[in-house]
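Just one chain follows, in the form predicted alone, and it is written as C-alpha cells.
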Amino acid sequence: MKQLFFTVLLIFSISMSAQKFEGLAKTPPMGWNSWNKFACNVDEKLIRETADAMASSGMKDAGYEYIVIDDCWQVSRDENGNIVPDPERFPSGMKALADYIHSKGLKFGLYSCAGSKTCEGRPGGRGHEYQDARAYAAWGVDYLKYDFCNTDAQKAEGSYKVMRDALFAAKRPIVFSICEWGTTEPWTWAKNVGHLWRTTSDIMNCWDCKVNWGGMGWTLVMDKNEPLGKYAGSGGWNDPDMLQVGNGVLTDVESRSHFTMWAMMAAPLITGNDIRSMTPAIKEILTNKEIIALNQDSLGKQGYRWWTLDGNIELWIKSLSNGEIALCFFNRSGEVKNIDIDWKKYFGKLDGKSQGITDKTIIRDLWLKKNIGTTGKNMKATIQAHDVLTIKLSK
C-alpha cells in the first residue's frame, strides 16, 4: 500500500511538471534580440546600453519589453556541469545584468540550444536541461530562445518537452521560444510546449533573396508563415523570425512594409537592429503605436492574404476586437500602382462576418495616423513600389 502511494505521488509530480507556464505571451512578445545586428559580438556593455536605449527611445512606451542575448554569451561548463558565461565579456555575471535590465522596467532573455552544442559551437543544453533551467531561474531570466543545432538523432518535440518541463520545475515563469525552423511543423504540436515557434528558416536582411542553406528574404518568409493562421492565438504564436528593420539594407519603405506585415500576421515583434543609433525614420516605424495595436489586438487573430489584384497588389485582412477590421494593400511590385476600391462591390461582407460595412464605416490610415473618409464612396490611392497602404475600418 505504501509503495502504491509513492508510485501515485511520483506520477502526479511528473504530470504536474509536464506543462508550460500559462498566462504568458497573451499577445505576441515584443522586444529586441542581439543576433541580426551583432551575431557573436555581444558583451555586457552592449546589453546595458541597449536596455538604456529601449527605455529612453520610446520603444518601451510602445510596448517592447524583452532584451534577449542570442548565441555566444556562454563559453564552457564547470566541473559540476554548470553553464559558464564568458567572464571577459560579461564580468559582472548574468544575475547582475538581469537585475540592471529589470531596474529599467524591462525583461531579460537568453539563448540556448537543444543540441550538444549551439549553432556557434558553444555548450548546448542537451543532458543539462534541468540544471540550466535552475540557473536561468536564479539569474532572473524571463525569456528563453531554444535553438536546434547539433541535435543528431534527437526528436524535436521530445527535446523541447524536456526543456519545457525543466523550466516549469524551476518555478520561474519564462516565455519559451521554440526555434527549430519549422522543419517538424511545430505549429501542429507546440501549442502546449512553448509560447512561440519558428515557422521558417532564418530571415535574411533583404527583400526576397535566398541562400543555399535555406535562409531567405522577409517577403519569402512571410509567404511561408501566411497559411498557418489557424494555429496561432493567445499564449502560442507563429514566429516568422526576428525583424530586419533598421539593419541598413532594406529601404525605409521596405522596412515599413516589413514591420506592417509582421503586425498583420500577429508575429512576435522582436527587433534586431542597433536601437542605440536609430534614424528618425526607423524609430518612427518601430514605435508606430497604431500599427503595433494591430499586432497586440486582444482577439489574437493572424491576418492573411485575401486576394491579389492584377498580380501586384496583395490585400491582407485581419479581424480585430470590437468588430473592427484591418486591411493592408501591399504593393509587391517594383512600380507605383494606383487602386480604386469600390467598397460595395468588393467588401459587402468582410472576413466572412455578417456585419459587413456601411456608407458610414470610418477609414483610418494607420501610417498617416488620421481618418481619411468613409466607405460611402470609392477609395482611390497611389501606393509606391514595395510600400503598403494600411487602414482600419471602424463602425
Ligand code: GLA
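Numbers for residues come from their place in the sequence shown, where the first is 1. As the structure is a prediction and not an experimental result, all values here were calculated from the model.
Another form exists, predicted in complex with this ligand; not displayed. Remarks below refer to it.
At a distance of at most 4.5 angstroms from this ligand in the predicted complex, all three residues W35, W181 and D202 contribute at least one non-hydrogen atom. In the predicted complex, M242 approaches this ligand with a heavy atom inside 4.5 Å.
Using a 4.5 angstroms limit between non-hydrogen atoms, D297 is distant from this ligand in the predicted complex. Using a 4.5 angstroms limit between non-hydrogen atoms, W197 is distant from this ligand in the predicted complex.
In the predicted complex, F259 stays away from this ligand, with no heavy atom inside 4.5 Å.
Proximity to this ligand in the predicted complex, defined as a heavy atom within 4.5 Å, holds among E157, E120, E284, D86 only for E120. Checked against this ligand in the predicted complex, the residues E254, E314, D274, D71 give one hit for a heavy atom within 4.5 Å, which is D71. The stretch among 96-104, 126-134, 315-323, 139-147 whose residues place heavy atoms within 4.5 Å of this ligand in the predicted complex is 139-147.
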